[in-house]
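For reference, the chain that follows is the form predicted alone, supplied as structure tokens.
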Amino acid sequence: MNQANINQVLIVGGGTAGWLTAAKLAKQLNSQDPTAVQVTLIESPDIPTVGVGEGTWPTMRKTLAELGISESEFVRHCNASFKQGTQFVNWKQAPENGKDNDYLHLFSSVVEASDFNLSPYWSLSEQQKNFADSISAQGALCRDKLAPKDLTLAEYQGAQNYAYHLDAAKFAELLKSHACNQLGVKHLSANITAVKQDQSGDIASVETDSAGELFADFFVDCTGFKCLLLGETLGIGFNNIQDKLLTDHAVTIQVPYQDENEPIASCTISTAHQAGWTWDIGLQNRRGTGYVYSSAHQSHDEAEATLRRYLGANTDHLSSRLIKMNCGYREKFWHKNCVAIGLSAGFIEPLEASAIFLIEASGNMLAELFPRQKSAMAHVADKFNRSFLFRWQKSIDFIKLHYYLSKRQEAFWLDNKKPETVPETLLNAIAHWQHHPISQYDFDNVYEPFPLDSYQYVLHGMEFSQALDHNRARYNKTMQAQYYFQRAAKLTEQLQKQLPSNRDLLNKLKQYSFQKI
């Protein structure tokens, strides 16, 4: 057995994937100690950062805190704003008589579904409110564009659970500065000209145009869709999921605010259209918008026109960017002495902002199980591959759920409901949920990317029909359920009065800071 130590890690590629992984590894492995694993990141000076998305999950708060990054500094540097969920507009059906329909997928409920499942009680009761408003105060906060906290709460603490919207390029800059200056990461700027393998097939080194030949014991591929190391060099294939998720392009436009005091949405706004959907993300200085669509159902020109119609007048002068999305994932994520993280590992369309979360999750698992000895690598690689195959497949199921439940009648939406485009695992689950409330036992893996609560928000928000009368007697804790419904209503009223607007809190953070934990 090979007992040689892994002492040098080379991360190829920067951006969110490269720098977040570098920071996590260096922090966990204590790279500031010269006897510990040393982390080096090389990135090309000629390749611009590809924004992996501007939406995060609440997990980002823990990530930033563990890395030792100030929340106040992060918000200021990255033009970040507070995100409390996603509003889905016209996903249930096309607008009728010019009137939109919507629902919310939120981050906070008055009780976690795994502790007390309110879903069947809501379904069987005569609740006047929609599901989200019945179990959470956060929907009202989103509609009122309120923040999830105020300045009296310490960093990373909130009156409600929250994530962030951020400028991905500025986020990479912040991570780079922190990783190099505080965590001991070494940075090189050069272009890779060749990748060399040793006799066993492991990657031995990379040749560069200006930094010479770089040797390492372990390599992290963060080269984006190119997948230079794991794909091109080690030959790991790509599982295309175009037959399941039909969108393949996005057109984006950055929209400056007309007024510096314009309200900032505290949720991502996702609006369904003829052949896809638009995202609308409010940062401090602009809105990031884009239209994700299927080029088989709409031309690129029609897609851009759709986005500009959504944005309204006075956007003709704003430039657009067309992005081809290569949706799918690698057959393996870790092979020999190389692991792919970020776009090199795979990409699912950005509907539920899973891209940055999957980078976080990859970095967490790599850092926690990092094989200091080469003899341990095969075992860890197998665990990593099984874990992330599960996560990618479950993420695809959840994204597809949004399309499958829609009642829209355009060709794109009807094609998304054809059984051959739907994973069998999702079809089986939906058939079961028609007569049984979704339960924590539908989630048998600790690494489920989307929890029970997320599925409930989407199922009930999309008005998924459930027939539970045959089992009504089972749900006999009505007084406890009613307590939670009333608690949600009281909390809504309380927080609407107490919390500042997203814009007001962000303006205060330009001058003041949250108390450090």
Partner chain sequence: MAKVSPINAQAHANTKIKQDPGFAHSQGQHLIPIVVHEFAPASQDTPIVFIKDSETGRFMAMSLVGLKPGENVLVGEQWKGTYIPQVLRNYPLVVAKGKEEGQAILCLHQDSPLISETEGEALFDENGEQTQWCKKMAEQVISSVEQNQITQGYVQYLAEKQLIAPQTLNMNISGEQYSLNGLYVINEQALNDLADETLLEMKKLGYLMPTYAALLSQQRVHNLARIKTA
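Numbering follows the first chain given and starts at 1. Every value quoted in this text rests on a predicted model; they were computed, and no experiment measured them.
The next section is about a form of this same protein that is not shown, the form predicted in complex with its partner chain.
Spell it out for me: taking its partner chain in the predicted bound form, does every residue among Q32, Q182 and K186 have a heavy atom no farther than 4.5 Å from it?
Looking in the predicted bound form, the three residues Q32, Q182 and K186 all stay beyond 4.5 Å of its partner chain (heavy atoms).
Quick one: which of 145-153, 213-221, 295-303, 312-320 gets within 4.5 Å of its partner chain in the predicted bound form, going by heavy atoms?
The contacting stretch is 145-153.
Is there any non-hydrogen atom of K510 lying within 4.5 Å of its partner chain in the predicted bound form?
Judged by the heavy-atom cut-off of 4.5 Å, K510 is well away from its partner chain in the predicted bound form.
Contact test in the predicted bound form: Q515 vs its partner chain, heavy atoms, 4.5 Å
Judged by the heavy-atom cut-off of 4.5 Å, Q515 is in contact with its partner chain in the predicted bound form.
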